[in-house]
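What follows is one chain in structure tokens, specifically the form predicted alone.
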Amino acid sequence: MFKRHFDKIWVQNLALLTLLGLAFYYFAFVFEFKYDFDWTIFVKEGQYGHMGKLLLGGLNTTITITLYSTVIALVLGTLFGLARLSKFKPVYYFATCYVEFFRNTPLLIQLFFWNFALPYAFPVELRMQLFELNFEFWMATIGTGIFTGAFVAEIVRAGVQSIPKGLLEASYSSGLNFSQTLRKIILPLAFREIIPPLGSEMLNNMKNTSLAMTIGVTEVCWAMQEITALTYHSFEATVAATIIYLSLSLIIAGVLNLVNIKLKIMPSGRKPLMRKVADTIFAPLGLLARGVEYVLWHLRRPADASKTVSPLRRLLRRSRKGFVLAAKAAFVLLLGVVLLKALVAVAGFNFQVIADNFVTLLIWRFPGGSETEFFMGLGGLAGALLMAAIAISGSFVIGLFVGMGRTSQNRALRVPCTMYIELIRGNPLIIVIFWMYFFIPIILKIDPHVFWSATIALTVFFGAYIAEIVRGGIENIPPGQVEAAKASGLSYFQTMRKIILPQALKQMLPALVGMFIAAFKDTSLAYIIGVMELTRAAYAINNRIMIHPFEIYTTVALMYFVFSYLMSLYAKRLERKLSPETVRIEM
């Protein structure tokens, strides 16, 4: 009887309003914040300046880094994505090394390497000049672009491989060369398919710019911490940063949704309103593209079609194969020089420094840590693995139930689950860590160790992403199976447990393993609140030694890479096992 009444819309709405009212009553009349709120710090001039202008300056920096790094990521991702499909093995292996290394090491370690270790490769005079040219900003921009480019490369590769191989063969048989096939057929169709995952990666890129704070770039998170330090109003600063990131996420998602609508093939006479809006907004870009195409067509068109091909053009056509061979030889030579220099640089490492600190990087001070440290001083790589294992287990449970709630027809379940997913996914992990570290202990009146604050933040953060994976897996199951289960008398949970989830989990496994890899890498962000995991241990050792950042950060990057790459190999094995019909397209 209760279930029959709860299926009614007005009962579900009443339940939502009741939950909202109880939450408002608790925080308004029962809970005591014991905190002096002052939102005017953003609109008035204070002793240390105008905090609102400081936050707007951080927003400007965040947007600038996002735009520049997006361009870098798209260019690198397209080039290396196509290179991953090349039959020329040196190009293929070089692109594979780039993609695998940068995807399987944390962005925070990469930024530390670019900012703290790379300057030591230059003479002192040049190093000083670099720091006068806003070095931290450009390292954050280029580093974020290189990191995101590795993910974009895989998206581009998958998009190109999704194109039927017959189109490639048909274009070649029609007389089109490689560049024409790529520009007119393959890339337009591939980018039409990869807009959704590419949009998700651009959102991640925007949120990843928050890590620029760790190397001193004055973006939103840096401004948030500066406001907290100057005014002691941490709650207001964090709320303002949260609203900024949510707004940026909504704007980027809206623009990408319009792009997706614009690229959909629809009948000309039955276009919905959003398609008309998208056509209007992107009309100037369409005119610009047609103008460029028109100019290029006139530039390459012969002045007189009746004339024969010029001797110069005939010579160029004949020498094309020689040019290609020369280009391949030059690439192999350049790659050999780079590898030789890399080997020479590694041979020049002070391996004694690595040996002296390797155990510390593995376990920190365990078992001889002080009473204030977590579990007898456990940290380093062991601490990161423990944090990742706990976060992965907890986030899977959260994601499973929230993902099921997200697909429920009951508003009382669907709305809270949707709000949780969108709120968490719209913010960087740094913001979630700050919330768990500074404010959740105040709200719940507890005092957890920083290890548990970071672990809970990781669990809550990745639970939202896993919930979306679960939702996608459930919605991919044919709805007829759910109807058949209901007709057989099975309840909702019985249908999920016995029919839907066993099939959906098989499709979700590769994505889940990828999310687990991301959780392990993102344990590095616990460095921000002082957890002695691997990144914090490396930072502490580097500050003590000072003159060997290359050795320390290269060792740490390899540690992260080994564990992440092993998990990524398992994910690829699962993907091949679950998709045996995949055919690899080569260009």
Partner chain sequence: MRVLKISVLAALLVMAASVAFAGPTYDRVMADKVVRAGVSNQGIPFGFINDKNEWVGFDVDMATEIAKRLGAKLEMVVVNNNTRISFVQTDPPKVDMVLSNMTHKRERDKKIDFSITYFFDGQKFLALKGAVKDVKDLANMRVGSMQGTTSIINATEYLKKLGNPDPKVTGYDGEVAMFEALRSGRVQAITTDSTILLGYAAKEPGKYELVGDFISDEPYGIGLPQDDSAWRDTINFTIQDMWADGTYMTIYNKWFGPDSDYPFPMTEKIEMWP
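Residue numbers count along the first chain shown, from 1. Being a predicted model, the structure only gives us computed values, none of them experimental.
Keep in mind that the form predicted in complex with its partner chain is not shown, yet the notes after this line are about it.
- This chain is displayed without its partner chain, yet in the predicted bound form the stretch 42-50 from 558-566, 42-50, 57-65, 516-524 comes within 4.5 Å of it by heavy atoms.
- For the marked spot (T96, E193 and Y465), a heavy atom within 4.5 Å of its partner chain in the predicted bound form is absent from each of the three residues.
- A heavy atom within 4.5 Å of its partner chain in the predicted bound form is found for exactly one of S200, T231, N260, N476: T231.
- This chain lacks the partner; the member of W364, F461, F147, F80 within 4.5 angstroms of its partner chain in the predicted bound form by a non-hydrogen atom is W364.
- For I469, no non-hydrogen atom is located within 4.5 Å of its partner chain in the predicted bound form, even though that partner is not displayed.
- In the predicted bound form, no heavy atom of A389 sits within 4.5 Å of its partner chain.
- Interface membership of V30, defined by any non-hydrogen atom within 4.5 Å of its partner chain in the predicted bound form, is ruled out.
- Although the partner is absent here, M532 lies within 4.5 Å of its partner chain in the predicted bound form, judged by heavy atoms.
- In the predicted bound form, its partner chain lies within 4.5 angstroms of at least one heavy atom of each of the following residues of 114-139: N115, F116, P119, Y120, R127, M128, F131, E132, F135, E136, in sequence order.
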